[in-house]
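So this first bit is one chain, no partners, the form predicted on its own, shown in structure tokens.
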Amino acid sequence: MNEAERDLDVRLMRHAIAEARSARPSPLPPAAALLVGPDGEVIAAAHRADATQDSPELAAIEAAGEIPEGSSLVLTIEPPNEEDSESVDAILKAGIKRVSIGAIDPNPEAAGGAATRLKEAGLSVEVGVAGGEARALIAAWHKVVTQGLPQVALKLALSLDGRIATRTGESKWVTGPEARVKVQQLRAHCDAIAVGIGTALSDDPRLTVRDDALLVGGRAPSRVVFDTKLRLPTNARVVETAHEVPTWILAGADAPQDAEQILVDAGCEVMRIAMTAEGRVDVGAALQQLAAKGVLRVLIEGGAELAGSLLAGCLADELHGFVAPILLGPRGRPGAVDWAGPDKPADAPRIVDPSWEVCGKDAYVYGRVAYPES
């Protein structure tokens, strides 16, 4: 393959990755396929719009109709290789001679199987085209199938002096409207939005996503409240709308049964989660339960104890911080994160290669979290 052909491969793969990002088909990974003619022009494109749809390669082949000789296929992820899968057979039947694959299926039981079958059938198969970007596309799926945990994004909003509320506990709104729009976009890319009971009681959030922010094919994210003792009242907004949007309450084993029944009658689902020695819901066990419910990506929006548990357990994969140019004073409610913290700055969790944006009057910093101590 010469340099021009390699550049075309990468350009087409990035086109497919952008196509795949237009939907949230959880609990399956985002995926897209391009059928490309011998002249390098895209004949047909398809993406997985939701979890009920066939593999995008099948849709692209069907949409193309008659396929010109010498056509190739661009796939963001390796096609399925189960015994009842039609994908590999359809590719072979279509007469396609070359396949470019961005990421191998991370499932250890399937990884490389389809690519090997295509090679053995005589096709030219290029694996790892724009590989970093293709793997980033399925990062949440990769974590679920290899670790049994969802990808966790932690959101923090604080003042310039590190406060999350005034001395009276008022926290609406520390950041401005542009930051709240950005949060809507973050929510739209997640399968669940979670808060601790303290945030649920003090802020009474809806934890919803505006319809105009939802991705094509994306369901409204489930709402999750970490509520060890089941203190959430029935007049909380997440409870009042539980029949409209899935609402899951994560409770400890010893939470009162009558409180559970009241919440269940209101439309919530209560999940009993193992507890820590400190008597709180075990966050790691809770995340495993969310993954079992089909959650690939969860956004944690507070409070401080929940955020601290995530960082102490090295469980947050991304950090999204919004810093408002205001000062709430020494008696303001401190700390977006409540935990013991590291002994030395060098051991502190940090954003790797942070990205910075201006959201209205606020600063927004985000990126992958690393835990040097571990």
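Position 1 is the first residue in the sequence shown; the rest follow in order. This structure is a prediction, so every number in the text was calculated from the model and none was measured.
Although not depicted, the form predicted in complex with a small molecule is the subject of the following passage.
S.K.: Check T228, G302 and E305: does every one of them have a heavy atom within 4.5 Å of the small molecule in the predicted complex?
M.R.: Yes, the whole candidate spot contacts the small molecule.
S.K.: Can you tell me if V74 lies within 4.5 angstroms of the small molecule in the predicted complex, counting non-hydrogen atoms only?
M.R.: Outside the cut-off, so no.
S.K.: Should K155 be classed as touching the small molecule in the predicted complex when contacts are defined as heavy atoms within 4.5 Å?
M.R.: Yes, K155 lies within 4.5 Å of the small molecule in the predicted complex.
S.K.: Indicate whether the small molecule has at least one heavy atom within 4.5 Å of a heavy atom of L290 in the predicted complex.
M.R.: No, L290 sits far enough from the small molecule in the predicted complex that none of its heavy atoms falls within 4.5 Å.
S.K.: Test of understanding: in the predicted complex, would S309 fall inside 4.5 Å of the small molecule by heavy atoms?
M.R.: Yes, S309 is a contact residue.
S.K.: Exactly one stretch in 138-146, 118-126, 261-269, 163-171 has heavy atoms within 4.5 Å of the small molecule in the predicted complex; which is it?
M.R.: Contact-bearing stretch, as computed: 163-171.
S.K.: Could you tell me which one of A242, A130, I197, A192 places a heavy atom within 4.5 Å of the small molecule in the predicted complex?
M.R.: Checking each option against the small molecule in the predicted complex, the one that comes within 4.5 Å is I197.
S.K.: Heavy atom within 4.5 Å of the small molecule in the predicted complex: which of A103, L296, V281, I249 fits that? Just give me the one.
M.R.: Looking at the other structure, the residue within range turns out to be V281.
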